[in-house]
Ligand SMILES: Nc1ncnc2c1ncn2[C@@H]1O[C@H](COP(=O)(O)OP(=O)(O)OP(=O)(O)O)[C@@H](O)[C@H]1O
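Let's start with one chain on its own, the form predicted on its own, as structure tokens.
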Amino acid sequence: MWIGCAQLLEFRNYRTLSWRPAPRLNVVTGPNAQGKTNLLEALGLLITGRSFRTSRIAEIPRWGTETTTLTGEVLRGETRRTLRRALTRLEDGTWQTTGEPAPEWARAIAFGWQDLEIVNGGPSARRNFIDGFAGRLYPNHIPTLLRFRQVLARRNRLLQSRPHDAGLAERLGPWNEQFATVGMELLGRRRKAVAALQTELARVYAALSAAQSKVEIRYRTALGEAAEPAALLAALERSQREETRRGQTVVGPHRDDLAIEIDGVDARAFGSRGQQRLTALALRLAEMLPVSEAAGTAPVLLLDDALSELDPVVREHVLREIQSAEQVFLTTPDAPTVDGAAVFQVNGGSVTPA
């Protein structure tokens, strides 16, 4: 699968742009703050309907505009589909996103500086990462996640509003049942996603790293190996006193984490920032094969400044690895020499062949 063309109108620093990228490796180069990252963000938004940089829609439109539009064409063999997205300012000042969903086979995986949070940030960053990956593998995962969050919010409201109510346990009963059922469904898909990721992660990290290090990722939950809702129900019962005291649910998938280890050591405490960046990049590249198998075609790969802070040998390994992908977009201040790559120069919101 690849992007055949893209048109941007009033998107960030792009007043208007019509661009036809190459079907394989596209190197997007130029000085900082000229629009390289914005271009990748637009491609990701076109395919997925959301930005990989921000959840605040108001940050995306060009300053002073009322409407931003994205149009493009995605191809898979002889199949062509036109995609359209629009961001529109409403009368109350808020922004609305409209557009038809992309076909199931149209996927994108993005890497950016914010992905360092997967390695050295808090547990929520790692949960968001594995949920995003699981969502690309299993169509029902994101709806399940949203339902779980709804049940969790309702349960927490009951704990906060009636902490000393003698009938609290009875009122929580129906929500506990839903929480356990949906929670274990969510947890099960996360475990499957981690297992799918681990096999490919070991290969990718070994291919990228100049050292003979081993990286592992494991799902960490207070429920151990349990797979039935009854286990989560029992955990809720055991924690009822603490929940009443704190006014919040203290056990469940919203408290789980991922262990990311390099040679048996927590990656957050291992090596340099470059080493952590390489681990985050390897995690994103490891998504490629499982997502390709799930979608039936390779996703577009959006790599924003992926070579930064890596030594020259590792950079060569990264370039060799991404050349085996289908369509890739790589931003970099200085274009590396890569056989067969299409190189584009970005300057002041314009994109020209270099």
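These numbers were taken from a predicted model, which means no experiment stands behind them. From 1 onward, residues are counted along the sequence shown.
The protein also exists as the form predicted together with the named molecule; that form is not presented, and the subsequent description refers to it.
Q: Please determine, with the chain shown alone, which of 290-298, 30-38, 43-51, 320-328 has non-hydrogen atoms within 4.5 Å of the named molecule in the predicted complex.
A: Looking at the partner contacts, the answer comes out as 30-38.
Q: The named molecule isn't shown here, but in the predicted complex which of Glu66, Glu59, Glu309, Glu316 has a heavy atom within 4.5 Å of it?
A: Here the answer is residue option Glu59.
Q: Check whether Gln345 has any heavy atom within 4.5 Å of a heavy atom of the named molecule in the predicted complex, and answer yes or no.
A: No.
Q: At 4.5 Å, heavy atom to heavy atom, what parts of 3-31 sit next to the named molecule in the predicted complex? List them in sequence order, or say none.
A: The stretch touches the partner through Arg12, Asn13, Pro31.
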